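Only one chain comes next, encoded as C-alpha cells, the form predicted alone.
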C-alpha cells in the first residue's frame, strides 16, 4: 500500500520546531511542512526566511482544510489547549515533551483524540538514541547476566538553558525538561511495576524550578535505578552505568564510548591485597587478569521504524504507535510522584500498585 502525502504545520517555530523542519522531516516522502505559526515576530521572520508559509493565528491553522497534522513545539504550559483545539478541528496532533505538566491534562487530551478519532502522538524522541538502544540491548540479551542496578544520568555545567525553562508557570526545570526523557527510557526498557520512589532536587542556581535532581527507583522485579540530571557538573559521570550478575557495562557519552567487563567462569586466581590509603584491602582490589574479560559495547542495528515513519503507519492503520499514550501517562504520573517525594522528603511506596487518581 502506497502512503498518501500529508501536510503538517508547526506551532512554535523555536529550537525544537525548526529542528523538526530542518532535520527530522527533511526529505520525508510522506509528510510535508506546509507552514508554521508562532506568536513571536522574530520566529515568523525566521520561518519565512526558511521558506515556509506563516499563519497569522492558530485559528487560521485549524480552519485550513489542507492541514492534516499539527506539531506542537511551544512552551509546556500551552500544550493542552492547543492539542485539544487541533483535535476538535479534525487534525492529527504530534506534541513535544513533556506533553503536559499535569497527568490529568493528558487524560483529557487522550479522551478528546478518541472522540474525534484522531491520532495524538508524543515525540519521545530519545527512545531512538543509540546510547539507550545499546544499553537496552545489553539488558534484553542479558549480556552481563541479570541486570540488578541501572544508573542513567546527563550532566552539564551551563545551568538551565533558555528563558521560560527557568519559570515554574511554563513547566520549567530539569525534571520536566530532561527527566521526562530518562524516565521514559527506563520504563520503556524495564517491564516491571515500580514499588518505591525517592527523590531530591537541586536549587543551587537560585531558580524557582529545579536545576537538577536525583531519583532512586525500586522495581517489583528487584532492579534498582538511579536517575540523575545536573546542570552544575564541571566533571561528568558516565551516561550509563549498569551492573548485572555476570558483569558491568558503562557508556560514558553519546558517542558510545564505553566497555563491558564480565566475570570469567571456572576457577580463577584470587585477588591479591593492595595498599589502600593507610591500610590493606582484598575486597576492593582489582580482579586478577584471568578473572575477567573486557569487551566492546555491542552494535545496535535498526529494530523499529523511525518516529515519523511510525506516525504515518499509525495514521494509516498499519502499526501501533511506538510511543503509546498510556506509557507517556505513566511517566507523567511518575514525575508527579517524584515532585511529591522531593517536597515531603519521603519514600513514596507502591507507585504502580495503587490505582492512580485523575
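In this text, all values refer to a predicted model and were calculated from it rather than measured experimentally. Positions refer to the first chain, counted from 1.
Below, we refer to the form predicted in complex with nicotinamide-adenine-dinucleotide (NAD), which is not included among the displayed structures.
Colleague: Does at least one non-hydrogen atom of residue 73 fall within 4.5 angstroms of nicotinamide-adenine-dinucleotide (NAD) in the predicted complex?
Modeller: Contact with nicotinamide-adenine-dinucleotide (NAD), yes.
Colleague: May I ask you to check whether residue 330 falls inside a 4.5 Å heavy atom distance of nicotinamide-adenine-dinucleotide (NAD) in the predicted complex?
Modeller: No, no contact at 4.5 Å.
Colleague: Is there a non-hydrogen atom of residue 25 within 4.5 angstroms of a non-hydrogen atom of nicotinamide-adenine-dinucleotide (NAD) in the predicted complex?
Modeller: Residue 25: no, not in contact with nicotinamide-adenine-dinucleotide (NAD) in the predicted complex.
Colleague: Taking heavy atoms only, is residue 55 within 4.5 angstroms of nicotinamide-adenine-dinucleotide (NAD) in the predicted complex?
Modeller: So residue 55 does not count as contacting nicotinamide-adenine-dinucleotide (NAD).
Colleague: Exactly one residue in 123, 92, 246, 153 has a non-hydrogen atom within 4.5 Å of nicotinamide-adenine-dinucleotide (NAD) in the predicted complex; which is it?
Modeller: Of the listed residues, the single hit is 123.
Colleague: Exactly one of 60, 39, 291, 304 has a non-hydrogen atom within 4.5 Å of nicotinamide-adenine-dinucleotide (NAD) in the predicted complex; which residue is it?
Modeller: None of the other options qualify; the answer is 39.
Colleague: For the interface check, one of 261-269, 102-110, 141-149, 177-185 should have non-hydrogen atoms within 4.5 Å of nicotinamide-adenine-dinucleotide (NAD) in the predicted complex; which one?
Modeller: So the stretch in question is 177-185.
Colleague: Taking nicotinamide-adenine-dinucleotide (NAD) as it sits in the predicted complex, which residues of 213-235 have a non-hydrogen atom within 4.5 Å of it? Please list them.
Modeller: Result: empty, none.
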